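Below, in structure tokens: the form predicted alone, a single chain.
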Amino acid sequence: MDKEYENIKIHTEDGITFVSLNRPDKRNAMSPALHYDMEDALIRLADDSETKVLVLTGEGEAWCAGQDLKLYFRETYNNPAERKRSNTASHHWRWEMLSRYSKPTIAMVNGYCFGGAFTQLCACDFAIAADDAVFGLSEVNWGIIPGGLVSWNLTDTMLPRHALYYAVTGEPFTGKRAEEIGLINFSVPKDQLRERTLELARKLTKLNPGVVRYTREAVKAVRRMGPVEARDYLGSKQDSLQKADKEIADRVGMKEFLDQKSYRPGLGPYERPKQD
């Protein structure tokens, strides 16, 4: 994508697009201008043929320190139109877009992740953090609660007792602890963070994108369904996938497993057949 932004950086390599929040002097705290940049970029990247996987990260020593209290809250206090606009953009890209994005998303947490940053963290499909990354919900220290969708996201992503403990105490925790309580997938040494993220991203680019997308959507949707509704939904989802994807309709994967015996689960990665 050719467009450049003031508050974010975008770099694509081999189908993997890194989108970095770029306010390192403010620990990548989110201003209204950053929200507008991110909203525009995600809309464009959704239709970008070169982007197969999106990685969200931050410049400098922080992933994201939450909302910029001065620019996002104080400076829009007496400007209801601007506050509504920035609030709408903030919610749109951080949750409505990311949680249902058309392409796989990975949060690469390189440093501080605080407050409102938990929304986009939980919205991403996968999350990998540096062992020494610092997570925290410091709202209790300012006399406010983890609002927006933060509290809801916490109890949806991790066990409620862990969510309650860190929200009430404001106690920070490391990447290693974030993995233990299920907030992220993996915690790795910081010097391995980028390569481990690329490893996962490359794995995703080799899979059938239609199957990946439908699986992501299905797993997220059935969490709030009963067994009867989930069974009906998953059956309809599979039928829809077969109609939308010729590779699935032709049962390529099934043929490779049963007839050609070229794929054995657990004995090596499945790679999509090369197209002539």
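For every residue, the number given is its place in the sequence shown, counted from 1. Note that the structure is predicted; figures quoted are calculated from it, not measured.
Below: the form predicted in complex with a small molecule, not depicted.
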Could you check which residue among Asp131, Glu139, Asp125, Glu179 gets a heavy atom within 4.5 Å of the small molecule in the model of the complex? Glu139
Ok, Glu61, Glu217, Glu50, Glu229: which has a heavy atom sitting within 4.5 Å of the small molecule in the model of the complex? Glu61
Closest heavy atom of Gly116 to the small molecule in the model of the complex, within 4.5 Å or not? yes
Can you tell me if Asp25 lies within 4.5 angstroms of the small molecule in the model of the complex, counting non-hydrogen atoms only? yes
Would Ile144 show up as a contact with the small molecule in the model of the complex if we use heavy atoms at 4.5 Å? yes
I'd like to check something about Glu39: if you look in the model of the complex, is any of its heavy atoms closer than or equal to 4.5 Å to a heavy atom of the small molecule? no
Quick one: find which of 40-48, 229-237, 27-35, 208-216 has residues within 4.5 Å of the small molecule in the model of the complex by heavy atom distance. 27-35
